[in-house]
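Below sits a lone chain in structure tokens, taken as the form predicted on its own.
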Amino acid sequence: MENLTANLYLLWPEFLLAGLAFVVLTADFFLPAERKNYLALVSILGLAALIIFTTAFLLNRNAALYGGLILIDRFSLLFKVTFLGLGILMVWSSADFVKRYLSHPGEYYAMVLFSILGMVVMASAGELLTAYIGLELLSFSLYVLVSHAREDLKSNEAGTKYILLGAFASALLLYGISMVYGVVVQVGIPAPTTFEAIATYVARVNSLPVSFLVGMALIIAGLGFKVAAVPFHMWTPDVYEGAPLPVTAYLAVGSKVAAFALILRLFAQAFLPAIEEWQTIIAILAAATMVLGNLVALAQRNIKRLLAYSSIGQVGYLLMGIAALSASASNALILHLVGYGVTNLAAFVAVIAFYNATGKDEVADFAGLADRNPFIAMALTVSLFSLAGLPIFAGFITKFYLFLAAAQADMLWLTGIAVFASLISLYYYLIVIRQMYVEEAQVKTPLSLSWVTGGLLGLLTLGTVLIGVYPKPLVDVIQTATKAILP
């Protein structure tokens, strides 16, 4: 028992995060209806305090807890702080929307906090079943959040589709884990589901057995569903359209950042010795995801579905970093994750601000927005240009590093496809921008913008520009983190 509890204090950030979720959930029972908005403030202040505590507490610590089940290092610390910051942005962007359109705010904010706990576990996992537990905690929280608008039939339908397909993907992932375990345990390596044990096995054998390759393929398929990679993407547009808008933003950013944190550690620390077996498969998935996501986005007329297919295309770029796995590719991948997260959140917060004022989410409804509220139009334009990869914005510099890493890994063909896909994306982003600045609005009354949403929108827009103009501090932090998984 002493060995099991010796390093338990290193999990204080996780315990405090779970405690914060229960505090918010309990406070909801006692606060009167007119003061439910305080729950968002409690969540934001709690997460901000956790960022400070986690950074100071874990900054110079390195440990492998319980035989490698949980890893405390700079990589996990970077993503823990990122997820906590993402939680602040998520709660902040939801405040006005929840007040207007959703009931039971305590449950909503508590599920956001539980989902962040799942992300934190995923980033710290050094073993397949621990990673699976974190992934399922995240997934179940998202199932509830997607269907949280109980009076909305679309939200109910989206939640049902998501949980059914999510259960299928989880079954694939678990079956793949069981096959990998079955192969590794036969050779007598201790703790056969840890990433270290899997890497030891792969490096030791001359030829990987078919059962191991099938297990690895099933794991890729299960994780491919979680990040909405082609051909595992079919759930995405319907779920994104039916979910409440802040939850759609959370799906587009949070779930992908968490999943790629897990994928990057898994492939870098477990599957890297077998890179010749999976590199081509990941590259093909990346190419298919980039092309199909951006091509289908051309036909979308609903802004949520358009951004859904846009996010699918972005997954293709991120998979390039996995296919070209190296220290430079890992740095580029994480940098693009951060830049994409800030940019995509800015786009969604602009859409949320528009929806809060109008209740509409079709692309045609954005006609004349530049006259009705120039600030929202400007912020959405900046974010769309950044998603397309235009200079001075975050998307340009992050894509540049990512494409360069792929080219250095002798994947010029994949880099060419990525550049072509980016050009396609610019076209459908310009369709939205044209609606805002060229088309005339049918209703020309000015749109109001609350200081809560407006402040967040300004902060995210500024972040999109700052990352594009001066990314060096962020790059330095990322390089320190990736040394923990790829020395």
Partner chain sequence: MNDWLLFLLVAVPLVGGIALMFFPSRNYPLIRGYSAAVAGVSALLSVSIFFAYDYTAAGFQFTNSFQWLPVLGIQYSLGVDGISVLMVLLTGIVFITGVLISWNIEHRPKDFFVHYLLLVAGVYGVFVSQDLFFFFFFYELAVVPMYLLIAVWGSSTDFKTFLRTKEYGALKLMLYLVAGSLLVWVGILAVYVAGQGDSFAFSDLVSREFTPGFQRFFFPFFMVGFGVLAGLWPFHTWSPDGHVAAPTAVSMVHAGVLMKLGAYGILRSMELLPEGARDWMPALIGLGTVNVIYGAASAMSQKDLKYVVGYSSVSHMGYVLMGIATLDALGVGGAVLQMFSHGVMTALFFAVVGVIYHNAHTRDIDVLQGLAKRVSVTTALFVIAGLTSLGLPGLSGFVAELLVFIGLFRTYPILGAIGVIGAAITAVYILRLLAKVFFGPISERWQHLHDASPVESVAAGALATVLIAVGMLPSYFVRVINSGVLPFLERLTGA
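Numbering follows the first chain given and starts at 1. Not measured: the values here are computed from a predicted model.
This protein has a second form, the form predicted in complex with its partner chain, left out of what is shown; the following refers to that one.
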**Request:** Given that the partner is absent here, state which listed stretch (252 to 260, 307 to 315, 393 to 401, 78 to 86) has heavy atoms within 4.5 Å of its partner chain in the predicted bound form.
**Result:** 393 to 401
**Asked** So in the predicted bound form, does Val42 come within 4.5 Å of its partner chain, heavy atom to heavy atom?
**Response** no
**Asked** For Ala364, is any heavy atom within 4.5 Å of its partner chain in the predicted bound form, or not?
**Response** no
**Prompt:** Heavy atom to heavy atom, is Gly389 within 4.5 Å of its partner chain in the predicted bound form?
**Reply:** yes
**Message:** Can you work out whether Val438 and its partner chain are in contact in the predicted bound form, taking contact to mean some heavy atom pair no more than 4.5 Å apart?
**Reply:** yes
**Message:** Quick check on this chain: which one of Ser326, Thr200, Asn356, Thr415 has a heavy atom within 4.5 Å of its partner chain in the predicted bound form?
**Reply:** Thr415
**Request:** With its partner chain left out of view, choose which of Val419, Val443, Ala56, Ala49 has a non-hydrogen atom within 4.5 angstroms of it in the predicted bound form.
**Result:** Val419
**Item:** Sequence-ordered residues of 450 to 481 touching its partner chain in the predicted bound form, heavy atom within 4.5 Å
**Value:** Gly468, Val469, Tyr470, Pro471, Lys472, Val475, Gln479
